[in-house]
Structure formats: C-alpha cells, structure tokens
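Presented as structure tokens, the chain that follows is alone, the form predicted alone.
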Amino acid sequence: MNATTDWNALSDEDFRLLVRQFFREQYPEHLRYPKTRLRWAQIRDWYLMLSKKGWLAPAWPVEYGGMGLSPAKLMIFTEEGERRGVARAPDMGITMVGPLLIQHGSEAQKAYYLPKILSGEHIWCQGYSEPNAGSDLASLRTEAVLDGEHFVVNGQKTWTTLAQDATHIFLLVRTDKSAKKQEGISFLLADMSTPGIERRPIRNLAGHEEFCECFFHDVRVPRENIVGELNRGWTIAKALLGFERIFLGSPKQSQYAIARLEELIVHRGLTADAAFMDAYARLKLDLLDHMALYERFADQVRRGETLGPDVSMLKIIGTENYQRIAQLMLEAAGSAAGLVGDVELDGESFDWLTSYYNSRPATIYGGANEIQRNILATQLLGLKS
C-alpha cells in the first residue's frame, strides 16, 4: 500500500486495523498521552514520518498530497490516534490553513503553501483571539490598512498556541472599520519573520509556555496574501471554528483522566469511602452520557452531514465533565494534592495537578462555554440574544 492507495475502498474494519497497527508499531512510546502540547523539536520526527508515508493530511484531497479520506474514514483515523494516545503535533497548517486554501485560496497560494506545510518547512499558528476579542471574536481590533501592494498591520493577538515554533500565522484583521462588526474582516497570511512581529510566551500556572502574545507594529503583508475576498473573512473563520468544535468535544480527554482517577482510587483505598464513590459514580455516568452524545455527532460526520449549532452541547458537556474529574482527582490525592509534577504512589506515578491545571481553561478556549450556550439559546431555541 502506498500514497496512491484508495483508502476509502477498504472496509471500515480493515482500515481501522491497518491504522491501529501503524500507530501501535510506529508511534514512540515516550510520546504517548503527553501532559502538555509538545513543541516542534519534540514531535518533528513523527510529523516528518507521517509526511513521508503520505498520512500527514488525512482529510486533504489526494491531488494535494492528502489521503482523501471520507468523513467516516477520517473519524476512524482520529479515533485510533486518540486510542493510542498520539500527541497533537503543530497541526494548524494541516487542519486549518490547508483545507481553507484548498477551498478558498488562489491557485498560486495553493501551489506555494500546501507543499511547504506537508514538508514541515512551514509551521502555522492561529491569529484569532485578542485581549478584548476572544469569545466575542467579531470585536477584534487588529487593523490592516492597504498601502499600495501591501497591507500594514497593527494590533495584538493573544492565546496564540505555540507561536514560538511557528514560521507563519493566519490572521483575522479588520479592513473596514465602518462596517458592521462581523463584516469588514479579512483573512491574511503572514510570515512570522516579517519585521514588526513580536511574540512573547505566556507562562501558565503549571510553568508551561504553550501560548504566546503576538504584537504587530506596522507589519507589511503583501496584498496577495489575502485569502478569499476583501472584507469577507468572517465566513471562512466561522467554518473553521465549527469544524474544530467536534474535536474539542471529544470524550477522550475525560476518558483518560477518569482512568487515572480509577487507578488513584485503588492505590489510596478509597473504594470503602461511600461519599467519595458516590461522587465518582456520578462522574462516570456523566462521562458515559457524553460518550453516547459524541457518537451521535460522530455518526453525522461519518454520513458526510454538516454539523448544526447543537454541536455546541458537546463542547460544554465535555469540558465541564473534564473539570469535575480533575477536581475529584485532587480530592483523591488528599494531603498530597499540592505536590507538583509526578508523584510516586506504591510504584505508580501520578500527576494530578497538571491534569487540574489543564482542565481549567478548557471551558474557555475554542469559544467559551458562555458563547456556546448563547449559540444554543439563539440558534436552536430561537431566544433573543
């Protein structure tokens, strides 16, 4: 089997076994279920291995170097990666910029950018959120003003994941200040080495620097770097966010956390604590409900159907369950709950604090849960905003 194989011609079961075997045999054991997002230097070899095999971009059409998977096969590919604990590589180029260019980019943009994403020459980050325009993204203020054949960009982006490692950034910028806030926004591609771009890592409570602030001071971006039409970037941005939501609503994160919680319960002898076990049982049942709901949306994707606004339920339930599981892990740890990093307990290693820290922002990123509830209220229930 090679890059020209028609993966969609395989049965789902045969394809699943093939992908499972590949991940089991090839994915490095020491990179399974990392506690934080891996940096480019840590995950580069795996990225390039997938690229060489032709499996780096499972959803891209074959003519652009992807696997051309159907929605059903793509779900299988994703599920098997999660089953093995495969880390998320710096994949904004694969999951966001690439599909966007294939759908909305010019032929010149496709020819220049897509091969460089696949080769690992270009690593992308996302320039969406701003200090006062995170969940309310349409309030963004970073401005791009046309000056001859360039846009001059000024402003600030924040919560830019792994911008330290990125060579390029895709930006939402305001190009018409007089228009309604969802209008007058354009989608720009910028080289991070352009003079005037400054990135500052943000250190979180756990001491990790997964996010950055990015500042733009009179940054000149070629006019040809706009994707789609001028002042029509909002539609593109919304399409990307909708696709992201089902993956943020996956139960895998909670499944992994509750598996560690169950090990912790055994090691600390908590099965005899009726009150604690009652709390655990409620969480377990909520997780099973979440898994059933996720399967309903996954079936829609497998059938090639467009997800509706009700997918916001998945993000809300998934992230809030995850926070509650992480909270119970702290209670299970007892007086040791304040210890940072790996803690040995009867020969097993636990890191409950990192899980707790990771769970806290989950209800905020990818569109805060308050925004998701507004979407459900206005678009599903027909209530006024």
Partner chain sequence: MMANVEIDTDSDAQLRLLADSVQAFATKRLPLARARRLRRENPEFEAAMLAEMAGQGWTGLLIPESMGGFGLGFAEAAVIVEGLSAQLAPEPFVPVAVLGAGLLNAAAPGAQRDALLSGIADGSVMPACAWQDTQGGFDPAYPAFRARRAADGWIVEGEARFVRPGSGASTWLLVARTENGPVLFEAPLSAAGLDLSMEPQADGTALARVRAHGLCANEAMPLGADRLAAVLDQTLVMNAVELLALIRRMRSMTLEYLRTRVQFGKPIGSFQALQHRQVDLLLQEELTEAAVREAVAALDAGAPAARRTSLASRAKARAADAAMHTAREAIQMHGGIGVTDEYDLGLYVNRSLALAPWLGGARLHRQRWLALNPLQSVTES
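Note that this is a predicted model, so its numbers are computed, not measured. Numbering follows the first chain given and starts at 1. Heads up, when I say rigid core I mean the largest set of C-alphas that superpose within 1.5 Å between the two forms.
Omitted here: the form predicted together with the partner chain. The next part is about that form.
Taking non-hydrogen atoms only, E13 never approaches the partner chain to within 4.5 angstroms in the model of the complex.
The closest non-hydrogen atom of D273 lies within 4.5 Å of the partner chain in the model of the complex.
Looking at R360, you'd find a heavy atom of it within 4.5 angstroms of the partner chain in the model of the complex. Under a 4.5 angstroms non-hydrogen atom cutoff, the partner chain in the model of the complex has G338 among its neighbouring residues. Considering the partner chain in the model of the complex, the lone stretch of 96-104, 117-125, 274-282, 222-230 in range is 274-282 [heavy atom distance within 4.5 Å]. A single residue from the set P61, P28, G334, P34 has any heavy atom within 4.5 angstroms of the partner chain in the model of the complex; that residue is G334. Of the residues given (H217, R203, R88, K238), R203 alone sits with a heavy atom within 4.5 Å of the partner chain in the model of the complex. Taking a 4.5 Å heavy atom cutoff to the partner chain in the model of the complex, the one contacting residue in 93-131 is P131. Residue displacement note: E348 has its CA displaced by at least 2 Å between the shown form and the other one (rigid core superposed).
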